[in-house]
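Presented as structure tokens, the chain that follows is alone, the form predicted alone.
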């Protein structure tokens, strides 16, 4: 297949398609991000990183050593990883050693909402909790970006705040291929995220949103759920994750009955019971999910299907496990993304349309990687000439006799930013 022609066709298709796009709602995770571009000497002053390299990262961060083990795992393997901080002392330790870095808007839901509104979707509604001034003022000025305030009105996020202060921060440590720390060389551009978020780790759905969103539900035909990775198995007050999912499942069922199409975005979900609830209780109810190679491999481990070939993104192993998930859970579509290519397995027979959606999303991700900002749809022409991955072409050739939709992607050689790429990829492909 002539992949460059696919991309050119997709760009023209998307410019027409977006004019008919439905309203999109997103929850339940927006946060203040602290972006830190890793400097070798900063870490070497703190510790010899070689002492913290191990085969598996910690489940959570309770000590400075846990933080260093998580970072060492992510850096040494070049793998994206996010781990929650469960100790206020560690939160203070990171702040003292690294500061807040470059403050910016973050969180899966927020990243997606900004990407969709900037891209040109007409009506994007983002759930925000808590409605803190320090958080909502990080949202861009976009007429098509809204939230529901505590009085039940649809307004721009900047007009919705009812309290002040930074309630949570997610540190993003961006590192580059070829960087060396304590003699360890990083094999791939990526990031490690250490997240302090006690205020929203329950993925609480506010009473105002539960009461008022149904009033506007006819405006929104798609809903994206994200933020599972910040949940715990047991909370300080004794509440369990099973109980927290009772509320999420109830909400999903309610909006599903109204005809809304639902996508759940995976992330670095470290707790097995959280993943178990998603696969067993959320997947059977929804239409779509997005995940990368690390996230897929953890689910495979849970279900006894893990292999190193799967974690290495072997296309055949990935395809086989995706098909298994589709059959076992009842979910209708899974979008897998890794460096160089995407794979979609789906019950939808319209493969041509799926390929157009994936190609558009790949162009948007390439633009974000190259320029460190989300594109509007007209910006996509500027990345059309970026080379298409040879690894991706081989994956497409390997799976050409299957029913998988495979897209070799355009890969930016030296990305300015890696955080938010998966959010851009999944959200645009689902919402077109």
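Numbering follows the first chain given and starts at 1. On a predicted model such as this, the values are computed, not experimentally measured, just so you know.
Not pictured, yet referred to below: the form predicted in complex with adenosine monophosphate (AMP).
Peer 1: Just give me the single entry in 119, 71, 228, 342 that has a non-hydrogen atom within 4.5 angstroms of adenosine monophosphate (AMP) in the predicted complex.
Peer 2: For this set of options, the contacting one is 342.
Peer 1: By the heavy atom within 4.5 Å rule, which residue out of 174, 123, 354, 295 makes contact with adenosine monophosphate (AMP) in the predicted complex?
Peer 2: Exactly one listed residue reaches within 4.5 Å, namely 295.
Peer 1: Counting any heavy atom within 4.5 Å as contact, can you tell me which stretch out of 304-312, 186-194, 231-239, 93-101 lines adenosine monophosphate (AMP) in the predicted complex?
Peer 2: Partner-contacting stretch among the options: 186-194.
Peer 1: Taking heavy atoms and a 4.5 Å cut-off, does residue 408 contact adenosine monophosphate (AMP) in the predicted complex?
Peer 2: Output for residue 408 is no: heavy atoms all beyond 4.5 Å of adenosine monophosphate (AMP).
Peer 1: For residue 369, is any heavy atom within 4.5 Å of adenosine monophosphate (AMP) in the predicted complex, or not?
Peer 2: Yes, residue 369 is a contact residue.
Peer 1: For residue 80, is any heavy atom within 4.5 Å of adenosine monophosphate (AMP) in the predicted complex, or not?
Peer 2: Residue 80: yes, in contact with adenosine monophosphate (AMP) in the predicted complex.
Peer 1: Would residue 338 sit within 4.5 Å of adenosine monophosphate (AMP) in the predicted complex, counting heavy atoms only?
Peer 2: So residue 338 counts as contacting adenosine monophosphate (AMP).
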